[in-house]
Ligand code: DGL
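In the form predicted on its own, a lone chain appears below as structure tokens.
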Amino acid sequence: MPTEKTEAHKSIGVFDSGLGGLTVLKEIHRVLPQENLVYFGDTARVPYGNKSSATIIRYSKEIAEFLIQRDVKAIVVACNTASSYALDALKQMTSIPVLGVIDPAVGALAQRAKKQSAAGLIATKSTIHSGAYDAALKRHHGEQFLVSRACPLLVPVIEEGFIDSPITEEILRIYLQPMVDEGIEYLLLGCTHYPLIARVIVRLYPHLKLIDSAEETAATLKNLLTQMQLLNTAPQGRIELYVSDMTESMRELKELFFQNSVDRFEVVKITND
């Protein structure tokens, strides 16, 4: 007789506009290795950072529906842009928990950084324009001042595989030096792609304390599942990766992060576009 599938045994759904969300997926797998994970990377339509809010919400709903059809017990929006614009819409379309990446990171900043200090935020244009990080800082009663900078060149550079190159260094200097000159000590990585270049940032500006939304989101997710008694007790969870376009960068990062531990890796079409 097959064992009945309980709520705790269901998968956790994770999605991003492209490959950046793999940084969140990797951290979730590290913190919760027993959990089954289903990831969708919208590699055919990346980046989201230059899209309208209506388009971002539509894309996010399509992906959430794909994950819900796979009977997930929670959804992690591993994309700052989608977290900025689509989180409320996703929460309205399902009764399962939906967690973004902004509040966990901002909560960590509010706790760690000195009051009245300046903290840097680098993100996509859409995320910066949404004001989502400033709103989150108010929710967490943070008294820090955010120095924000839109960095539209970083996601394309990372998606093309220029993780550690002179091009990346030069772009980072252009974006970060004015913020450093304003005296920031902490730097919020406001896009899940950015942890992939964290080592380059630290090399250029070793005094900066980076706040990685992947680490904070994984910790928040674990606390949430514990409170809801939804932690899986299996010895080792499955990992399924789905993408809307099979890019070489996605293949390379899949091997870098998960080697041979991925149980499924394939292209799926979730829209008629």
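The model shown is predicted, which means the values in this text are computed figures rather than measured ones. Residue positions are given as counts along the sequence shown, with the first one as 1.
Not pictured, yet referred to below: the form predicted in complex with D-glutamic acid (DGL).
Contact annotation: Gly41 falls outside 4.5 Å of D-glutamic acid (DGL) in the predicted bound form, judged by heavy atom distances. Shown alone here, Leu225 lies farther than 4.5 Å from D-glutamic acid (DGL) in the predicted bound form, counting heavy atoms only. For the chain shown alone, Val155 is a contact residue for D-glutamic acid (DGL) in the predicted bound form, at least one non-hydrogen atom being within 4.5 angstroms. D-glutamic acid (DGL) in the predicted bound form is not approached by Leu121, whose heavy atoms all lie more than 4.5 angstroms from it. Only one segment in the set 241 to 249, 204 to 212, 46 to 54, 227 to 235 has residues whose heavy atoms sit within 4.5 Å of D-glutamic acid (DGL) in the predicted bound form; it is 46 to 54. Note on contacts: among Val76, Leu187, Val106, Cys191, the single residue with a heavy atom within 4.5 Å of D-glutamic acid (DGL) in the predicted bound form is Cys191.
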